[in-house]
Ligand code: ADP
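So this first bit is one chain, no partners, the form predicted alone, shown in structure tokens.
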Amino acid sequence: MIVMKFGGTSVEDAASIERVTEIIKARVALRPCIVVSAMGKTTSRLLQAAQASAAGDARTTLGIVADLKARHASEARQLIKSNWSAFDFIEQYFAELKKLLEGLAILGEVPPRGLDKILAYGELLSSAIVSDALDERGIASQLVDARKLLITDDRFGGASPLFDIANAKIVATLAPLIAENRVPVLQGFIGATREGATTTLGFEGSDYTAAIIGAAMDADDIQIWKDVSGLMTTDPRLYKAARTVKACSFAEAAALTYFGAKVLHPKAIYPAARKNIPVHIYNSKLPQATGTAISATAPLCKNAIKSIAFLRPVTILKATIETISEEEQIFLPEDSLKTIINTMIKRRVTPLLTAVSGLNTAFVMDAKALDETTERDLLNDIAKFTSASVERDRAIITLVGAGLAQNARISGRVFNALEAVEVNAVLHGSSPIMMNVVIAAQDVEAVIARLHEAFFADFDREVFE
């Protein structure tokens, strides 16, 4: 049994879905379970509609809804001639969507719970179309509502699965379908609380859904189908000479996704790694391409570095840990550091990197998770017992590869490549397979080009492709 997840660009239109049905048809003997994302750009358009509705801009809202409905109906008509259930779903879902958006107009804001319910319609629509398209092409499918299986907590916008409940429901629902040689088609990205409220798993959550289902079902393989031919040596949008990495370990993939590589959801690796299920990343537009194989152990390649990721913008919070007295209370250095960390926990801020040098400590945080109010409150809290400042518009460059632990000359090559670039911090040691460099956000493109040239230019393309 395998799990196949298809991203938004893989199901963005009728031609793409036609290609997806052929990919699935070629693997029916492997007993696939299908997980699909929303059609490309649908989720962002639903978000725009919700924001416009809350702002009282009914014209924009109605225009977006009409465009989305026409698009889904048009693509469906090109794929489906005899089975009309998808068209019934299109009518039903857009009627429900309009009522929800009207509610936001009255409310005047977009609460996280309401937004999750609205965003879910992207996956609900695409899965209905894909399921009917498979049936029409002689592939017996079964549309399954992921919200009935993937039970989560109530942290809307970034819910976490309640695995004990979810795993049991996944097996109880999907195992009989697969035993009957039917192909289950589910929505990625969405789940529901125990009370039935719709939740979402966060950006690229469909990858996470596929990994959760694969682990619950003890799948033989988890296949992630995207618009790129696997994991790349760096982001090809920033550096066109990036190459495909043929194989990497779970640890390498986890490090890359955590520090910005968009090829997988950061949490998608862990369910597969716990069950030791291989993950393959393939290109749905080039299905014959090799792609990337992710497994517990991957062979070392000739190069010490597998890939270079980046994350921007990030914010650096610098604190000077000193012995001070406030209201007759003495704060020792270790007390101050502990208090800063507890303050971050209280404010739900998790640093990506932490560097301690003497009495000076730097915390590097994702700027998107640190809004203006949270940053202000955090600084005010810390100022009660020590001095602190922030540096904005920074970026983390992360070099990842199992060979890092075996090559003592890496740091020298990195510093040579970064000559004349202002470097805020270099961390090598928190993990033996990665090295982090903090720089100005505006220098990312130039730094990635220099590092890629330094570490990949001397190796044959065959090593990676």
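Each residue number is its position in the shown sequence, starting from 1. Quick caveat, the model's predicted, so the values are computed rather than measured.
Form predicted together with adenosine-5'-diphosphate: not shown, discussed below.
**Student:** Find out whether any non-hydrogen atom of residue 237 is located within 4.5 angstroms of adenosine-5'-diphosphate in the predicted bound form, and reply yes or no.
**Tutor:** Although adenosine-5'-diphosphate is absent here, residue 237 would touch it in the predicted bound form, with heavy atoms inside 4.5 Å.
**Student:** With the partner left out here, check for me: in the predicted bound form, does some heavy atom of residue 96 sit within 4.5 Å of adenosine-5'-diphosphate?
**Tutor:** No, residue 96 stays farther than 4.5 Å from adenosine-5'-diphosphate in the predicted bound form.
**Student:** Is residue 9 near adenosine-5'-diphosphate? Define near as a heavy atom within 4.5 Å, in the predicted bound form.
**Tutor:** The answer is yes: residue 9 has a heavy atom within 4.5 Å of adenosine-5'-diphosphate.
**Student:** May I ask you to check whether residue 227 falls inside a 4.5 Å heavy atom distance of adenosine-5'-diphosphate in the predicted bound form?
**Tutor:** Looking in the predicted bound form, residue contacts with adenosine-5'-diphosphate include residue 227, since a heavy atom lies within 4.5 Å.
**Student:** So, 17, 81 and 132: all three within 4.5 Å of adenosine-5'-diphosphate in the predicted bound form by heavy atoms, or not?
**Tutor:** Not a single residue of the candidate spot has a heavy atom within 4.5 Å of adenosine-5'-diphosphate in the predicted bound form.
**Student:** Tell me, which of 169, 113, 262, 347 has a heavy atom within 4.5 angstroms of adenosine-5'-diphosphate in the predicted bound form?
**Tutor:** So the residue touching adenosine-5'-diphosphate in the predicted bound form, by this definition, is 262.
**Student:** Quick check on this chain: which one of 279, 128, 149, 231 has a heavy atom within 4.5 Å of adenosine-5'-diphosphate in the predicted bound form?
**Tutor:** Of the candidates 279, 128, 149, 231, 231 is the one lying within 4.5 Å of adenosine-5'-diphosphate in the predicted bound form.
**Student:** In the predicted bound form, which of 174-182, 269-277, 372-380, 203-211 comes within 4.5 Å of adenosine-5'-diphosphate (heavy atoms)?
**Tutor:** Of the stretches listed, the one contacting the partner is 203-211.
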